[in-house]
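One chain comes next, on its own, written as structure tokens: the form predicted on its own.
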Amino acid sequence: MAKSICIALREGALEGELAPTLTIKDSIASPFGLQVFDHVLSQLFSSILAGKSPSQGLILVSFSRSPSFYLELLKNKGINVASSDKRIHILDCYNDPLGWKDQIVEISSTVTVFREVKHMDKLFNSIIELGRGLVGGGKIRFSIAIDSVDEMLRRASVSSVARLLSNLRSHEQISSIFWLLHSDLHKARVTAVLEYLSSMVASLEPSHQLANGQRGDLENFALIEHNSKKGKFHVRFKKRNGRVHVMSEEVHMEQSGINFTPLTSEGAINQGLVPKVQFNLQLSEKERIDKANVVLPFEHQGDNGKPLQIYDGRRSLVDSKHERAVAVENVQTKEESESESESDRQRGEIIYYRDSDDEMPDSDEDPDDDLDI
């Protein structure tokens, strides 16, 4: 599934379509968003260098980590940044986001310091200019990676950030774009806006939910340690035909880095569809046997030589005959006659007189008399 994300970003946008957009969101319960971002970044840039993508360059907007970190990261992934400096450029919004420092020494020619991060229009222009500097003008495309939308939302309004991302997605030279979001730092409506702008949403969730949502209980310490090494990775794809496809995997943190594996049989059950209740919804083995032995009303009987019967919701014939016999013995003849005469009086009948013996009923009436034609 993580491979499907990288393929979608690598393939980019078709002519006249919006660029594929990915939102990677995590929370403190499953804080693997940075590792997933690094994985997607390295995979996409490797595809660009290998010529497997229509994108000819990558603009990395760094808010949460310094450019030197990303240069070292790509180097550890086996990518020679020095020889590929014409394919990647880092817009440094980390070292001096407010423009307070007089002078900053740029560590590489692939890094440009940006000092006005609260101005989304200027940020948009800088990204486009750097991209054109990499690939040139015309219809040559480039990709964009933003390591933290949270920092943008700290200094600008939701509407201005959404406008920036929407403009980037609809730009004719943008091949694909992805960003990272810590969803528990924002209100639900903010997360919903960013998800609406995305064609793919990758969500990280803990493998085990903490009891009562409390992190400080002793019983939850083992679960916290387990969730720090393992989690669930859900991706929602929006197809071109309007359909939505959801895929899930398990994510593991290992010494060599992040690793994605298929869900186990236990984790494959969609727990989001099961209501959170205080009682057990599963049946024990004894309960399953007892349930299987229950004879339903509409089932045939016939066990132990008994006659086959189907219960139709009324009293059985045997019970009704027995009750009638008891009633006959206890009720006097006079009362029986009175009840019979009373029942005769309560009887009714429908009398219908046909207009003619040779005609069908109501044949002399026009069925369309009531129509206003």
Partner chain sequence: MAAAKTRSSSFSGNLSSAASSLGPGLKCGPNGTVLLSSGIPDLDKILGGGFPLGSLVMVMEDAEAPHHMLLLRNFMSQGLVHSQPLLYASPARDPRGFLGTLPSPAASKDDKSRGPEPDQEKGLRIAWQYKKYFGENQLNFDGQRDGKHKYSNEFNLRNPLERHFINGQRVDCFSIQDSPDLSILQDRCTTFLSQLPRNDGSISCAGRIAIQSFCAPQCVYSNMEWEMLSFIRSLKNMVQSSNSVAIITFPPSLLSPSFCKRWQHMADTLLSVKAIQDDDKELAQLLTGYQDMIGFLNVHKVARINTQVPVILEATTFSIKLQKRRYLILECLNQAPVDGSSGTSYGTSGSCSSSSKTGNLDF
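Worth saying up front: this structure is predicted, and the values here are computed from it rather than measured. Residue numbers count along the first chain shown, from 1.
A second form of this protein, the form predicted together with its partner chain, is not displayed here; the remarks below concern that form.
When its partner chain is considered in the predicted complex, Lys239 lines it closely, a heavy atom lying within 4.5 Å. Mapping the unseen interface onto this chain, Ala192 counts among the residues with a heavy atom inside 4.5 Å of its partner chain in the predicted complex. Put simply, Arg243 is close to its partner chain in the predicted complex: some heavy atom of it is within 4.5 Å.
At a distance threshold of 4.5 angstroms between non-hydrogen atoms, Asn167 is in contact with its partner chain in the predicted complex. Remark: none of the three candidate residues (Phe63, Ser66 and Arg115) comes within 4.5 Å of its partner chain in the predicted complex, counting heavy atoms only. Figure note: of the listed segments 248-256, 177-185, 158-166, 135-143, the one touching its partner chain in the predicted complex, with heavy atoms no more than 4.5 Å away, is 158-166. The partner is absent here; in the predicted complex, the one residue of Leu74, Leu197, Leu153, Leu263 having a heavy atom within 4.5 Å of its partner chain is Leu197.
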